[in-house]
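First, one chain by itself in structure tokens, the form predicted alone.
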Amino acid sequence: MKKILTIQDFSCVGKCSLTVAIPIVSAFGIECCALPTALLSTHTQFKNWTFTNLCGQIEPIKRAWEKENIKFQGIYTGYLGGIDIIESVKEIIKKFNDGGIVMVDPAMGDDGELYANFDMEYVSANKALCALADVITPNITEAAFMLGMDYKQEYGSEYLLEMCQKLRQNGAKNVVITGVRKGKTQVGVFCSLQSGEVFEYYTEREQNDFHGTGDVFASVFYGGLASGKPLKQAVKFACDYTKKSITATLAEPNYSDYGVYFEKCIKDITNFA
């Protein structure tokens, strides 16, 4: 069985990061190992939450893995939270990835703003990490910050293509810009591939926004890639799955706005894989 490593934070309650990545990637028939970068009582959409940085555990874990000669057939990173962690992740990719797909989701901002406690030094570190990736999945905010481009709420394909070209010049082989809005009713992705192909894919946008949908998309997308699906097929399935998960959530009479009910659609993954 193929074994991959995902590196991101763990929220004890709430659907995001590792609590999304582990079940979704596993549903593809892939062993999903995890390196948590932080431990949260809940994700940050709750009013009260605690945060514990686990960076101090990464070096001992790396040393233990080296002694056991552990290797992974792919690495997928999400929210990391600190420059020191990013530097450790770069070493992990070099030492422990056994020729598998490396995907970086440089989670650090949205809606034109960086997340709390992040600065341009952190942006630069994420940009350097993206240079090592086979695939990156930034949203428009994250791409704009990494490239020093103006963030735009209204944009066309020329703006998105310029982002993709510059991110590929930085080193990423394939670029998938997420959260792209087309008109008032559609949301999707804009992609520039190593082959030179450029394509877009959109689904109908729901009125409600949910925390963690980016993590659902990234996990399904990576699971598809790691299971051998072509990138274009994997990205379309990930968009459709995320949309279906939101629809399934809204169909529940007493749904929570703390995350989508992706579990209700998990059979779609096993059928796709």
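Heads up: residue numbers just count along the shown sequence, starting at 1. Quick caveat, the model's predicted, so the values are computed rather than measured.
Form predicted together with a small molecule: not shown, discussed below.
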Answer key, the small molecule contact in the predicted bound form at 4.5 Å (heavy atoms) among 53, 247, 44, 26: the residue is 44
Only one of 27 to 35, 207 to 215, 221 to 229, 234 to 242 has residues with a heavy atom within 4.5 Å of the small molecule in the predicted bound form, and that stretch is 207 to 215
Open item on the list: Taking the small molecule as it sits in the predicted bound form, is residue 96 in contact with it (heavy atom to heavy atom, 4.5 Å or less)?
Closed with: no
Would you please decide whether residue 58 lies within 4.5 angstroms of the small molecule in the predicted bound form, comparing each non-hydrogen atom pair? no
Contact label in the predicted bound form: residue 16 to the small molecule, heavy atom within 4.5 Å:
yes
* Is residue 79 a contact residue for the small molecule in the predicted bound form, using a 4.5 Å heavy atom cut-off? -> yes
